[in-house]
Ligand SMILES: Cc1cc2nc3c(=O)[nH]c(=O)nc-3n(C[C@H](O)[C@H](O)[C@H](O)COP(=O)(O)OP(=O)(O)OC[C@H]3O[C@@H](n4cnc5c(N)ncnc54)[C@H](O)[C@@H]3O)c2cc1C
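Okay, so here's just one chain, in structure tokens, the form predicted on its own.
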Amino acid sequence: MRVAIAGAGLAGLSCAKYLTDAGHTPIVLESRDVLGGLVAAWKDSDGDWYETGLHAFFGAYPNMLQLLKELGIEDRLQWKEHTLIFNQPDKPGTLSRFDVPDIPSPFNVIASILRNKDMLTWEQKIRFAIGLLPAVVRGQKYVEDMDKYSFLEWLKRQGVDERVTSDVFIAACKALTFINPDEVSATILLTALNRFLQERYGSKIAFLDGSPTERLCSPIVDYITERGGEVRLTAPLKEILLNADGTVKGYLIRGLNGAEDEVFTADVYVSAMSVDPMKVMLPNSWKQMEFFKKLEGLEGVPVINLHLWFDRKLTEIDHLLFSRSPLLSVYADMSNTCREYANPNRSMLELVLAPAKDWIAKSDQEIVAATIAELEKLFPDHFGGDNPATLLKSHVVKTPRSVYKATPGRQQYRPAQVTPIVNFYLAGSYTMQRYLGSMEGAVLSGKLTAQAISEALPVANSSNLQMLTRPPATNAATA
């Protein structure tokens, strides 16, 4: 069966990969001239890469790790020391670590909390541990039921005091969801914490050894095309064309540079676009259906990613750092963490500005200036004195609508991959799957979509069909 997939982000590419495994022929149609969607990257005139986001991989990303293994590229992940590192704003230039010992979970994470002496008192550690027990013991249903609370509200209900929130969870919330604890759904953070607590290496972090476009997305494309599939760039979807019965007749692809529009037809159609463009593309007749009406309850969160090249080395730390800055979320010196970006003499900091709603409309110059002001606090030794570090160049990448904004109550609006339209499916981390909006969520959603299509349209003699046709609910619970 021919399957047309709109969007060459991780959801669309993973969907296409697993469809080829099941014997189908996917054709991925991407509006831009670059792969990756929310993990896209570009080269500037100097040959330096800049990315849509600071993409850290966790040990608690089983579907992503399985995909890399199936592609034979798992060695492209550069795993870092098993620790979480936080800046200390009250002690500029100093760091606090949660070093995770190599013992079974959840004792490894508990030990890292107990051994930290910089951020939490013993009373706070005990209250923190007691507060997390319900999420660990009572399981996923309890976690899902907590969607009615913000994470801050949930913490207060557990008796966890505000200092724990400000010291640890503001940074964690901004890193995982790009919003603060008083905005994010408790379900989202509890899901992540459960994975970190229940998997021995769940909180261990890795970086790709190069750009996501080349080192992750391109191998998926090669896998797809070598098995008869296709990936087309600069093929923007203009309209979803319908038959008289409301099913999809074809994708109307906008002609570029004076070319005529093209009607692209297939047996099955998938939208792997983010939720905001998907809502724009909905045919009017579908907008009246309850399934699609729910999408109005979802919207993408603004995110800003910065790349700053300096004339000297600011740090030797080879890891992700939680800034605990009111402006910045996380950052890393990519000249240390990424093999392709390595430079022994100069730093290239990649930083996430979050929450970004008050900054997304500001100029790049304003954003860079505010970021440098924060870096002066994080690196006082390099920005003070007579010879401060010099910014050589910068790139600011704005994403006005990134992953869906995971505020309380959003779970009820997340759609299934299977829609009421018999030949139309959804993929994307905003769709209902066990993980939050992330690279893992995108890959898992694509896999679930491929499974659903293979159940509806099985292909005989496919060596991988058994794996792909397990009931989606079972897979979503165990993936």
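All residue numbers are counted from 1 along the displayed sequence. Just so it is clear, the structure is predicted and the values come from calculations on it, not from any experiment.
Quick note: we don't show the form predicted together with the named molecule, though the next part is all about it.
- In summary, the region of this chain contacting the named molecule in the predicted complex, judged by heavy atoms within 4.5 Å and restricted to 66-74, 41-49, 411-419, 23-31, corresponds to 23-31.
- Interface residue among Thr191, Ser325, Ser274, Ser203, judged by heavy atoms within 4.5 Å of the named molecule in the predicted complex: Ser274.
- For the options Leu295, Met281, Val221, Val368, the one in contact with the named molecule in the predicted complex, meaning a heavy atom within 4.5 Å, is Met281.
- Proximity of Phe178 to the named molecule in the predicted complex falls within the 4.5 Å heavy atom cutoff.
- Heavy atoms of Ile453 never reach within 4.5 Å of the named molecule in the predicted complex, leaving it off the interface.
- For Cys15, no non-hydrogen atom is located within 4.5 Å of the named molecule in the predicted complex, even though that partner is not displayed.
- Looking at Tyr425, you'd find every heavy atom of it more than 4.5 angstroms from the named molecule in the predicted complex.
- Along 48-64, these residues reach a heavy atom to within 4.5 Å of the named molecule in the predicted complex: Thr52, Gly53, Leu54, His55, Ala56, Tyr61.
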